[in-house]
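In the block that follows, a single chain appears as structure tokens, in the form predicted alone.
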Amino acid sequence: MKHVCLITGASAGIGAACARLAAQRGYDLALTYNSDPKGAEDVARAADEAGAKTHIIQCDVADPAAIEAMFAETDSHFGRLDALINNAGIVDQAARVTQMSHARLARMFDVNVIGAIQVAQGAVSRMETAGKGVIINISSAAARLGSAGQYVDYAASKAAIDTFTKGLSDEVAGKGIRVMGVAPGLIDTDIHAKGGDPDRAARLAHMVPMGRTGSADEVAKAVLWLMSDEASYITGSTLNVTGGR
């Protein structure tokens, strides 16, 4: 029986790239989206063509009821869960900390931190029953760099994910579950446009020691390697995919 991977935020960018590669590597996929059903359908179609069985689920990870429903659908459709790519997240318009409203901060942490933790909770409860599993939390180089004058709130939310990755990994390592983080750097995806600066990655590429932006496919390859048996003695750490930045 093929392994099943749940990918949150799979309709575009890194989540979509992970889905396409996971399908090629032999996974069946539960794919979630929040507001882009067409993107999710396109990703599912590509995964289907690669031989995967797919199921699309609409889920706002800031809503606990939606997370519960997401896992119920995954259980019903596949009956197992072997891997989670905990990718769903948001960014906001560039702003100084003094300009950030409570509503902005609450939404940022509801999605990027609380939502990610609650998705991991659901995965762990299923993986503990099976006695094995892999969780990859998608972080960001912003957690180290701080993103001053841009989105310190986003950076802080990803720093929380790094700490969560280490703490959760220690809790579940004895249960046969590995938990890692992947921290992308300047990756050429539409997240920059969502933050109001579509040319940001190209404009800042000179700051990267390798002298270029990265691709979502390069991040996906790191994620899928960590999920594989080749990384069987790795847990509790976060891998930087940043071109050296």
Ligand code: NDP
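Everything numeric here is computed off the predicted structure, so don't read it as measured data. Note that residue numbering follows the sequence shown and begins at 1.
One more form of this protein exists, namely the form predicted together with the named molecule; it is left out here, but the text below deals with it.
The named molecule is not drawn, but in the predicted bound form it has no heavy atom within 4.5 Å of Gly133. In the predicted bound form, none of the heavy atoms of Phe71 sits within 4.5 Å of a heavy atom of the named molecule.
In the predicted bound form, the named molecule stays beyond 4.5 Å of every heavy atom belonging to Thr54. At the 4.5 Å threshold, heavy atoms of Leu29 stay clear of the named molecule in the predicted bound form, well away from it. Using a 4.5 angstroms heavy atom cutoff to the named molecule in the predicted bound form, none of Ala123, Val172 and Thr238 count as contacting. Residue in contact with the named molecule in the predicted bound form (any heavy atom within 4.5 Å), chosen from Cys59, Ala220, Val179, Ala47: Cys59.
Residues of just one listed stretch (75-83, 162-170, 123-131, 103-111) have heavy atoms within 4.5 Å of the named molecule in the predicted bound form: 103-111. Of all the residues from 28-43, those having a non-hydrogen atom no more than 4.5 Å from the named molecule in the predicted bound form are Tyr33, Asn34, Ser35, Asp36.
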